[in-house]
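Below you'll find only one chain, the form predicted on its own, shown as structure tokens.
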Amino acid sequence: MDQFIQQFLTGLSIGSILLLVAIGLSIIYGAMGIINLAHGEFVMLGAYTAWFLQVQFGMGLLTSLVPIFILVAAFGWLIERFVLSFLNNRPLDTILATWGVGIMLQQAVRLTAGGELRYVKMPEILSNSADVLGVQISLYRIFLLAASLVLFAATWLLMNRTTVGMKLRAIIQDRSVAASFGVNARRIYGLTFAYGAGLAGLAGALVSPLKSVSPEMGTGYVIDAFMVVVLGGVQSLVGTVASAFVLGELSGVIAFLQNDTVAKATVLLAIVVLIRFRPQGMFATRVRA
């Protein structure tokens, strides 16, 4: 029973990290249809910003989260405004553009901050462990789970209970009709991409105490994030949450029985099989034709 509880909590921890990284991509990919290959680099920027604020200004991780979100979101807005907005309805060009942006960001960070590994200090208040059903689990991992659920709730409210979210959903269903009602699609897309980039930056900052910070750290995250979004259903935030925790639990169990390499390969194979028979993912969002 202790092993079962331990593996269940491990799966929740993995799922919370997947969810943190995937929420921003779910917004950008699902709402805007942009296959953003630079999403991992936004995660990396958030981690490096946390490291920079800690080293240069002595800011703790928790107090730096708001500045990190604002800075990475602003950078994302610039990318959308001056690069992606000129590539509407050109998905292949968008893929190449975001891939190029990602490479340039990696090299820019390597030139300015260096290629060596950096480390972000974990908040002291969350550095201990707690007893959960007789199993010791890090307080910081519990915090990550709570943070991922809070960010999901905030994103769901933004999409379903605000004017910006209503306008975005109108654009998704029919851009020309939305424009006839005075909806500025270009402005809404810019805000949406900025919000998704800001969420990616927060994810990078939050996972930085657990992972070494390097220019290439975002590459693995973007692959996992795309798996979560595609499995859950491209336009479904609820599906993103469900798939993140399903993949987290599956990865945790297989890694316990075998190893991390076998776990990742098995999960990828399972996703390929599932989307072969259900290409819309586990949760499909239905809209009127």
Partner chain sequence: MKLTRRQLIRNTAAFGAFASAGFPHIWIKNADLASAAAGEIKVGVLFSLTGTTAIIEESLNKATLLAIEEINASGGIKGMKIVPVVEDPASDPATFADKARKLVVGDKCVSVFGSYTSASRKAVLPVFERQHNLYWYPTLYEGRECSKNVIYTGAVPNQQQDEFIPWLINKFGKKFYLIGSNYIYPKEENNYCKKLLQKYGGEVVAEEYVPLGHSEFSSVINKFKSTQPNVIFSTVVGDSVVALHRQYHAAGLDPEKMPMASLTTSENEVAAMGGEAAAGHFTSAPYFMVYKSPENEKFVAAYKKRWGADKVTHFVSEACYFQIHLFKQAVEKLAVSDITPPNIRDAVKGQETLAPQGKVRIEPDNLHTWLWPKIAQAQSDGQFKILVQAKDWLKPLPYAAYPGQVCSEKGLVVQN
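None of these values were measured; they are calculated from a predicted model. Positions refer to the first chain, counted from 1.
What comes next is about the form predicted in complex with its partner chain, which does not appear here.
**Student:** Can you tell me which of 258-266, 38-46, 64-72, 22-30 lies within 4.5 Å of its partner chain in the predicted complex, counting heavy atoms only?
**Tutor:** Among the candidates, contact is made by 258-266.
**Student:** I have 128, 138 and 211 flagged as a candidate spot, so tell me whether each of them has a non-hydrogen atom within 4.5 Å of its partner chain in the predicted complex.
**Tutor:** Per the other structure, all of 128, 138 and 211 touch its partner chain.
**Student:** Out of 168, 202, 120, 194, which one falls within 4.5 Å of its partner chain in the predicted complex, going by heavy atoms?
**Tutor:** Checking each option against its partner chain in the predicted complex, the one that comes within 4.5 Å is 120.
**Student:** Indicate whether residue 110 is a 4.5 Å heavy atom neighbour of its partner chain in the predicted complex.
**Tutor:** Taking the distances in the predicted complex, the answer for residue 110 is yes, it comes within 4.5 Å of its partner chain.
**Student:** Could you confirm whether residue 252 comes within 4.5 Å of its partner chain in the predicted complex, counting heavy atoms only?
**Tutor:** Answer yes; at least one heavy atom of residue 252 falls within 4.5 Å of its partner chain in the predicted complex.
**Student:** Verify the contact flag for residue 115: yes if a non-hydrogen atom of it lies within 4.5 Å of a non-hydrogen atom of its partner chain in the predicted complex, no if not.
**Tutor:** So residue 115 counts as contacting its partner chain.
**Student:** Tell me, yes or no, whether residue 14 is in contact with its partner chain in the predicted complex, where a contact means a heavy atom of each within 4.5 Å.
**Tutor:** Result yes; residue 14 sits at the interface with its partner chain in the predicted complex.
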